[in-house]
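Below you'll find only one chain, the form predicted alone, shown as structure tokens.
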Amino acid sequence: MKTEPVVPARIDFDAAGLPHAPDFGDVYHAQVGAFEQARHVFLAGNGLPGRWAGQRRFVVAETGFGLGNNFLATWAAWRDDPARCAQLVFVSVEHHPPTRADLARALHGSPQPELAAELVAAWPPATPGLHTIDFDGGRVRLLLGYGDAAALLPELRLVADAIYLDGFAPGRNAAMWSAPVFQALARLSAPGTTAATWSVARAVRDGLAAVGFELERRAGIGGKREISVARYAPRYLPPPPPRDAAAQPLARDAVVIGAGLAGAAVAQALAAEGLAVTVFERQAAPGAETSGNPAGIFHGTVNADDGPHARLLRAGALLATRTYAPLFDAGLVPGSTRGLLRLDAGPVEAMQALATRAGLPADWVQVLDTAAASALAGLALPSPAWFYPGAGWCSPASLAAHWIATPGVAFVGGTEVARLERAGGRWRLLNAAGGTLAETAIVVLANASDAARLAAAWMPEACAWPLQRVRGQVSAWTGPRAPLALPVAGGGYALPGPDGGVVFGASSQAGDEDPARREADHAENLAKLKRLTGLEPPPDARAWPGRVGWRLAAEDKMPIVGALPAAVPAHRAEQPRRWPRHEGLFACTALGSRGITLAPLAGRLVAAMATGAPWPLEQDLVDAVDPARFAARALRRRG
């Protein structure tokens, strides 16, 4: 999917403080009030709150988030209902989101001031794509997509229980009520999915009917004599996408193999979906291999074409910040989200031109000249830098241990899984002697390079993953706190040490299996540190001997996340999403040097794919990390 810069909404407020959209010549809500309209049209029109009673999860899809009043009204109704569903997932798209300041002004005086304040505080940067925001401890999840509805809706993967069709009037914003939008909504529906809108325009009703909705009129509100409600009842139901076959929505248990960052993130995400999760790890403790480094960094990247790599890292970094900040603030995991500087050769004018063309908002990334970057770093830097305000560093071992300690997760250390069997519709995990370690509905291979060995027995031979183990040695010193205030990256990294001093590195040697710490690598790391920051160890520093680990990377530098392919499809095999899948068998590996950045997103993606929840990532990006992508590309190259 080709992204475009997000252009914030232009909002005028009249004398009474009501918001207007001058670019569309329309108002944001009826005079009767936004909440009154939301309750009458969207909640009551979809049979809510009654329809979500007793359900594990209820999914609402909305075509225009606007100022968030429909979301807030739905959240409030969910809170007030003792029979509410266990989790409310609200998925919405918005082409022109308001700025945080305009949102706060528009929601001033909201009937739900507490909820409105939480929404304003969590408002994401104006970057294209999906933003995942959790409220009420994750029991309310907002997936907010910034972009054109006609382009973004087809990239979503979910099954909606209810649809809110909202937006400016069809005569003023026809694109929101177009055939492509209605077709996309039909693909996100199942028989019985309901929809409601305040519009009774002929084009709207005909458009919904054309894609399989049955409509009726009901009494309107706020000057609208009638509203439209609908139920999805198609004459023909297309088969579900092959990739969906892996989902096990009725599963109650899962096993994750590997307790590094990837495995721990998956375990936590599955437990959050209500599953009982067992984690098998060959080491005695979580995060004992490469995830055991004392500290590491997380951040996004900026590319001129905003391709899949940049988009994935942006989505991962934004979710990482939301995930980690509360842990750091509570002292549960050592780390910081105060920002990171990534050096760039410049010139700064070219960097600024790129940022302007891409429409990058300042709360996502900023261009700083050498003096400004040095001021933030607390020492003289050699070049301009990209400043990522929400990026930072954390202790990966502490993070993995925290996730493994999630209620519902059981850890079994010192145990290696030799192979998998399929029996009676469940997976059986065996040790080297053939003994059964566990039986479960869902298995996730998150054990780095060993995941490829376990997966090979279950994938077509053409699906072998082109992987490479990359040796890395990290260095550090402890003692007096260095003047370095923020992490600095660029051909290496340096960050303030958790116990004083600096953590820096790292070397990178593909195919090198030497486990010994090497003085030459330490000298290389010291040279990187000096180039990045000018720092050298002080005489009273206590030297740390360093640590060696191996990062697993695929040849395209993207992780491998998703359901394992079961067979080569007879048709359209060049598309990863068309490959048949094993039920309940997934991989989450090859996060490379971006494990801290990508782990929360990868974990949530696997959990969503495994349980049938809405995916937190657009489908074209899921294609880019799909375990079948290498075979699909090979077939595409052959024509």
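For every residue, the number given is its place in the sequence shown, counted from 1. This structure is a prediction, so every number in the text was calculated from the model and none was measured.
Although it is not shown, the form predicted together with a small molecule is what the next lines describe.
> Is there a non-hydrogen atom of residue 550 within 4.5 angstroms of a non-hydrogen atom of the small molecule in the predicted complex?
Heavy-atom contact with the small molecule at 4.5 Å: present for residue 550.
> Is the gap between residue 465 and the small molecule in the predicted complex 4.5 Å or less for some heavy atom pair?
Contact with the small molecule, no.
> Do residue 263 and the small molecule share at least one heavy atom pair within 4.5 Å in the predicted complex?
Close contact exists here: in the predicted complex, residue 263 approaches the small molecule to within 4.5 Å, heavy atoms only.
> If you check in the predicted complex, is residue 290 within 4.5 Å of the small molecule, heavy atoms only?
Residue 290: yes, in contact with the small molecule in the predicted complex.
> Which residue, 404, 181, 107, 297, is the contact with the small molecule in the predicted complex, using a 4.5 Å heavy atom cutoff?
Looking at 404, 181, 107, 297 one by one, just 297 meets the 4.5 Å heavy-atom criterion.
> From the list 601, 591, 610, 587, which entry has a heavy atom within 4.5 Å of the small molecule in the predicted complex?
Contact with the small molecule in the predicted complex is made by 591 alone.
> Given a 4.5 Å cut-off on heavy atoms, tell me which of 208-216, 356-364, 441-449, 325-333 is the interface stretch with the small molecule in the predicted complex.
Comparing against the small molecule in the predicted complex, the contact stretch is 441-449.
> Judged by heavy atoms and a 4.5 Å cut-off, are 259, 415 and 596 together in contact with the small molecule in the predicted complex?
Each of the three qualifies.
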